[in-house]
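What follows is one chain in structure tokens, specifically the form predicted alone.
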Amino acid sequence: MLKPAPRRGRQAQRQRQTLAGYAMLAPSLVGVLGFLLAPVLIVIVLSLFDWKLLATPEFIGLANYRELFSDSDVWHSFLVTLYYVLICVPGTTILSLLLSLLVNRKLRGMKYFRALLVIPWMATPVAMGLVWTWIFDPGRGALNQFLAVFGIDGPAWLSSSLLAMPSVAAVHIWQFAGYNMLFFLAGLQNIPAALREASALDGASPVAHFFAITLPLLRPTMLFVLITNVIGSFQAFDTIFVMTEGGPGNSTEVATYLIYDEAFRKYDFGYASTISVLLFVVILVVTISQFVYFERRTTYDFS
């Protein structure tokens, strides 16, 4: 008759541990609910209203969505965003991977070089945008003055509809390559040295070793870097706002800039919320697609 007591004691202990776990998770859960889920739900609700900020919100159902799918400006902004993503993501990923291979060497002063590469990521986007706007200035900018030394007449980088987007994307790549390099560097240092030694004994060249061993084992890191890069590129705003304000014309008017224009210049918060919902869905679909693609192509066991 006395045996159930220890069982009740263990159950009570498990309940206390569960409550303690929830108590420790509570601050993070409040943050997720308050700063992630709640804003998403609010934007979805606002997309169903016609709200010109100073006027009373009027429920219009899916009217904003019907207007969105026939709005050429919206689709143009998403094409511009896709163009920006297709420049930034491969450029940032490849450059950060090459930098990680460069700094993954036991050379004197290498730690200072690593820190130097991360500094651009620490700069505020607005200040960085202002500096690069001066660098790209066609008359007094450092880039064109450098080209003039070699007798090259530099173009108006940010005033050309052809060059403005690659120029802004280059700034994005410059800013985030060093940051992503840290993740690739951690992935490289997590690969067992025995694998490198075994491939060397088999007579594999450094290039063959990289493509046959290093790159496949970096896929978990690659997945993380690609997902964060894609999301960050789709949400890019600060640098474009400072450097081009969506111009010249609308050649750099990405989706986030159009959302800003609709909300804070035209004061149409309902329609801006509708574009935000579409952007959220696009990012979600692309992210899920990346997970599906890498699911069977990624190994987390290096043994």
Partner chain sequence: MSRFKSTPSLSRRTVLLGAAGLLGGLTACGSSTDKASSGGKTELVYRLWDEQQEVGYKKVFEAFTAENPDITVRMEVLPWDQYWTKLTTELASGKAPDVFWLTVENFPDLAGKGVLAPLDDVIAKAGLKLDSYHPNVVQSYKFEDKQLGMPKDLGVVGLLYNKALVSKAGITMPDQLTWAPDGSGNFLEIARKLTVGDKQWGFCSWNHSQTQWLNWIASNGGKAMDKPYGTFDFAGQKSIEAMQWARDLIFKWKVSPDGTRTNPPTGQATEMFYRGEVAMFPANNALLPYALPEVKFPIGVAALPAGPAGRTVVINGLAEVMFARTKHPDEAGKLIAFLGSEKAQKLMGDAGYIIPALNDAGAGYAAYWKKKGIDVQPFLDSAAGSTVNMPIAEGWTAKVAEINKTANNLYLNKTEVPGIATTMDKIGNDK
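Heads up, when I say rigid core I mean the largest set of C-alphas that superpose within 1.5 Å between the two forms. No experiment lies behind these values; they were computed from the predicted model shown. Residue numbers count along the first chain shown, from 1.
Missing here is the form predicted together with its partner chain; even so, the following discussion is about that form.
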* Decide whether G246 counts as a contact residue for its partner chain in the model of the complex under a heavy atom distance cut-off of 4.5 Å. => yes
* To do: Although its partner chain is absent from this view, report whether N229 comes within 4.5 Å of it in the model of the complex, heavy atoms only.
  => yes
* To do: Please run the contact check for K266 against its partner chain in the model of the complex: heavy atoms, 4.5 angstroms, yes or no?
  => yes
* Asked: With the cut-off set at 4.5 Å between non-hydrogen atoms, does L99 touch its partner chain in the model of the complex?
  -> no
* Looking in the model of the complex, is its partner chain within 4.5 Å of a heavy atom from each of L53, P138 and Y179? -> yes
* Asked: Can you pick the stretch from 42 to 50, 57 to 65, 272 to 280, 238 to 246 whose heavy atoms fall within 4.5 Å of its partner chain in the model of the complex?
  -> 238 to 246
* Asked: So which of L147, A156, L95, L195 gets a non-hydrogen atom within 4.5 Å of its partner chain in the model of the complex?
  -> A156
* Structure fact -> From N104, T133, S199, T214: within 4.5 Å of its partner chain in the model of the complex by heavy atoms is T133
* **Heavy atom contacts to its partner chain in the model of the complex at 4.5 Å, residues of 23 to 41 in sequence order** => M24, P27, S28, G31, V32, F35, L36
* To do: Indicate whether V285 shows a C-alpha shift of 2 Å or more between the shown form and the other one, with the rigid core used for the fit.
  => no
